[in-house]
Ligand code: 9WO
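First, one chain by itself: the form predicted alone, in structure tokens.
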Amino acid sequence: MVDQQSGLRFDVITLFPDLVWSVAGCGVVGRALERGLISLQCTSPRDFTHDVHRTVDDRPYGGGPGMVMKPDALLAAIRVVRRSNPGPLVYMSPQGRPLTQVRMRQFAQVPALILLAGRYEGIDERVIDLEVNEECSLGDYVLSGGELAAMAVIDGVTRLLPGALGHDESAVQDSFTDGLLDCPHYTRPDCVEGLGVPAVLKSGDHAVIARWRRKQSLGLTWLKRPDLLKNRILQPVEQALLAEFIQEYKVLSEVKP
């Protein structure tokens, strides 16, 4: 895989570079790499070991199950990457703060990022103390390693870059862009197993369509992620749209078998 030295630079420190590249070669990220909108480099801590077995983990002090990634090879890898990448180092960890669309947009404004993918029980805490600028988590669960989380960051940030998507408005209208879930989407054919398309979407009246989409966005957030509305101050128009959605939802719920 050829490293494209242009655009927003991503460096991933990982024991499994092939895993990262297998995902990076597809879809939006793959096209962004080809067009030079981003660049990607993977660095393995194994390349900085000095024993015949290329050991990168060891038993934890204090006992317990599992292994911990050793600090020496990790620190060496990080410091080599830092020579050419000036960006913050983000450790993908279940202990990090939840990754949000707001944070993705902030990452999209920097020229470079270093993403550290841990394995085993985690990395030696001293690496975090010495080199990590921020810890980020995909959610309250544990994966086998940080590679998939790192790729989620790369994908989420890349699609926000100008020119990465077929239509720049696609990113603007994503879920969470303004703190709400996205509205429903429909395409051809008009009828699928008896289910049609809301008539408003075929009306050609863009103002009416925009109002419907906003109402659906507010309503679906109320239904699926009410926590997102808890601290949100709704404008009077939004309050009216949400009230309208809730009323319609209650009526539909009563008539459903």
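The shown structure was predicted, so the numbers you read here are calculated from the model rather than taken from an experiment. Start at 1 and count along the sequence shown; that's the residue number.
There is another form of this protein, the form predicted together with the ligand, and it is not shown here; the text below is about that form.
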Would you mind picking out the stretch of 182 to 190, 81 to 89, 154 to 162, 114 to 122 that comes within 4.5 angstroms of the ligand in the model of the complex, counting non-hydrogen atoms?
114 to 122
Pro71 near the ligand in the model of the complex, any heavy atom under 4.5 Å?
no
At 4.5 Å between heavy atoms, is Val110 in contact with the ligand in the model of the complex?
no
So in the model of the complex, does any heavy atom of Leu138 sit within 4.5 Å of the ligand?
yes
Quick check on Ala76: any heavy atom within 4.5 Å of the ligand in the model of the complex?
no
So, Pro94, Gly145 and Ala149: all three within 4.5 Å of the ligand in the model of the complex by heavy atoms, or not?
yes
